[in-house]
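One chain comes next, on its own, written as structure tokens: the form predicted on its own.
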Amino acid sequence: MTKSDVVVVGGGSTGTAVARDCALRGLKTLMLERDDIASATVGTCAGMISSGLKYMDEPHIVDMCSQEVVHLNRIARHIVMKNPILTPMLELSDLSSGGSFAEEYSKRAAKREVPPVLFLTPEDSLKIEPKLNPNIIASMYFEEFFIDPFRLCMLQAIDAQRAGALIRTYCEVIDITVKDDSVDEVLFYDRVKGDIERVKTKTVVNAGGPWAPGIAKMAESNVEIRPNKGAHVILDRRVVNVGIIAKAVDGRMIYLFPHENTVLLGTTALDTWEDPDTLVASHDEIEYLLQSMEWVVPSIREARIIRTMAGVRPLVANWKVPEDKVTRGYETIDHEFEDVRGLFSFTGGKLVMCRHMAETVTDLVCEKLGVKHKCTTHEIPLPGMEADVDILAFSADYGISQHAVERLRARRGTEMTRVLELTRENPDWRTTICACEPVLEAEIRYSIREEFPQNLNDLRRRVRLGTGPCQGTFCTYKASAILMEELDLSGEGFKVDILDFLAERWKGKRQSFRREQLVQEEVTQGMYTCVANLDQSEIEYDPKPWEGSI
């Protein structure tokens, strides 16, 4: 049996941030994630590290979010993007409500190195974004920052690992033992090896998001959240080149954000009691978003929906108030009040707050363990932030297209040189495996060797494999062959992994089938079932293989 000072449960943005903070303070840290890094809630967000101005009724949250944007730009600038945003106005009443927003936003703009809010005429608005409804009467212009949530989580996990933390994916916590009113050990099931393991620990940080109540229950404790569903629609092109925020049919604000080579249309906000593991966007949610955005971007339906995604926000349990009145802040729960010392949980929170949440709980862990090291996560850069990258020079030096090099830089910063060096030793690895992004063979092999993916879905989160317009139709076979070779997996494993990857893609596509998307799916199905006969493989799934073995 192993021992750790702290066990972190959950590998999302908060869990990986906690693991990093604990490790950098010298704590012996184990992070357990039942699936893959960033495979749940954080993977369904838009990546906006918001300045928090949607929540002007809570100025302390706005101030905290603004400060965290500054920190993230300091430690992870290579995966941060700044997007201009327009809020088109179709009615005179919109102008008055925009005035208070503009005033509060502009107070904090200089700290984040963005301009104050500008009010633009219809003519100037259309010059910036010609796809807008020509009947708008004005618009607001401002700028916000976005981050790649998958890379943020991965880099936090890698940095934690380099600082001494043990990062275990596909390890599901199945019990937390309490002895003498204190956390004593954690029992978990390794889904890859099929083994049950135990770890002795004095502290557990429950960063399970929507699953936090279930994790706390293992220690006979309670966590209450207000689960809130958010759905997005992903379109096959950059319908607009600036972000658009607009009123929905019910008066809520929704957005259309350029994201990589696509755009994200979101988001809904519905109280939900659905299983977070099987959550999907409904037809009504898709139409709600499309019809609402169609008022300000009339051509939006000309684009093809390539995927939808949905996740659950683990909001603080404020009840009997409308959803938009629930705080978007967070609470850190010390379960000592329930006579369970050493267990800490979160409710609420947002992507932009993950580092702040980690600092708060790590302070509590250190206090319990008698450790006096201060937090440095707002100062120490994440891997890849060592310097700026000259895209043109690298493109010429390695003989790779500027577009491919830029996409590589956006994921890896200075560490992209390690990928590019592989192409000197193996020139064939300059081959583009996923043309939509694009993704080079060298990056896939590097990721397999350095970022512990277990399957194609993990690779998707590492390098955006199969996330473009074809949704894995043409890259799945090629990438799977590389994965099988690198991990020395069997031929049956090859087929199972392809089916699992395509099934995950199907989960996000089937609700939106219409027009060209149906044709695209027919091509995919024809290739993988009619030609490759992969539908003949039999897969047995046991949801709780450890039962009866404890």
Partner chain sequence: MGEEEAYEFVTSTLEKERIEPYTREESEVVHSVQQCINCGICLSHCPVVAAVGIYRFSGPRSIAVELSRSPPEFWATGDTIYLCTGCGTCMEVCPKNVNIPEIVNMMRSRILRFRPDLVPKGLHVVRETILEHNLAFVPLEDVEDKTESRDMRLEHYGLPLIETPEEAKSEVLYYPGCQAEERSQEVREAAKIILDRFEVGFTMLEDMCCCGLPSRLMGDKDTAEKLASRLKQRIDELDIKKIVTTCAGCTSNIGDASFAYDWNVPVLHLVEFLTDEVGTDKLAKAFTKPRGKEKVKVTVHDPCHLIRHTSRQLMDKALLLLDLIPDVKVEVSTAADSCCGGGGLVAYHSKDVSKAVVKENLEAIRLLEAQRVVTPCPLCTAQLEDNLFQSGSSIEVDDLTVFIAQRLSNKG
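Bear in mind that the values here come from a model prediction, so they are computed numbers and not experimental data. Numbering follows the first chain given and starts at 1.
A second form of this protein, the form predicted together with its partner chain, is not displayed here; the remarks below concern that form.
Q: Whether residue 516 contacts its partner chain in the predicted complex should be assessed with a 4.5 Å heavy atom distance threshold; does it?
A: Yes, residue 516 sits close enough to its partner chain in the predicted complex that at least one of its heavy atoms falls within 4.5 Å.
Q: Using 4.5 Å between non-hydrogen atoms, is residue 262 touching its partner chain in the predicted complex?
A: Judged by the heavy-atom cut-off of 4.5 Å, residue 262 is in contact with its partner chain in the predicted complex.
Q: Would residue 195 count as touching its partner chain in the predicted complex under a 4.5 Å heavy atom rule?
A: Residue 195: no contact with its partner chain in the predicted complex.
Q: Can you work out whether residue 222 and its partner chain are in contact in the predicted complex, taking contact to mean some heavy atom pair no more than 4.5 Å apart?
A: It does not: once its partner chain is placed as it appears in the predicted complex, residue 222 has no heavy atom within 4.5 Å of it.
Q: For the chain seen here without its partner, which of 354-362, 301-309, 101-109, 160-168 has a heavy atom within 4.5 Å of its partner chain in the predicted complex?
A: Result of the contact check: 301-309.
Q: Is every one of 50, 74 and 79 within 4.5 Å of its partner chain in the predicted complex, counting heavy atoms?
A: Checking in the predicted complex: none of 50, 74 and 79 is within 4.5 Å of its partner chain.
Q: Which residue, 381, 469, 213, 329, is the contact with its partner chain in the predicted complex, using a 4.5 Å heavy atom cutoff?
A: Of the listed residues, the single hit is 469.
Q: Exactly one of 242, 385, 371, 199 has a non-hydrogen atom within 4.5 Å of its partner chain in the predicted complex; which residue is it?
A: For this set of options, the contacting one is 242.
Q: Counting only non-hydrogen atoms and a 4.5 Å cut-off, give the residues of 114-148 close to its partner chain in the predicted complex.
A: The stretch touches the partner through 115, 118, 119, 120, 121, 124, 127, 128, 130, 131, 132, 141, 143.
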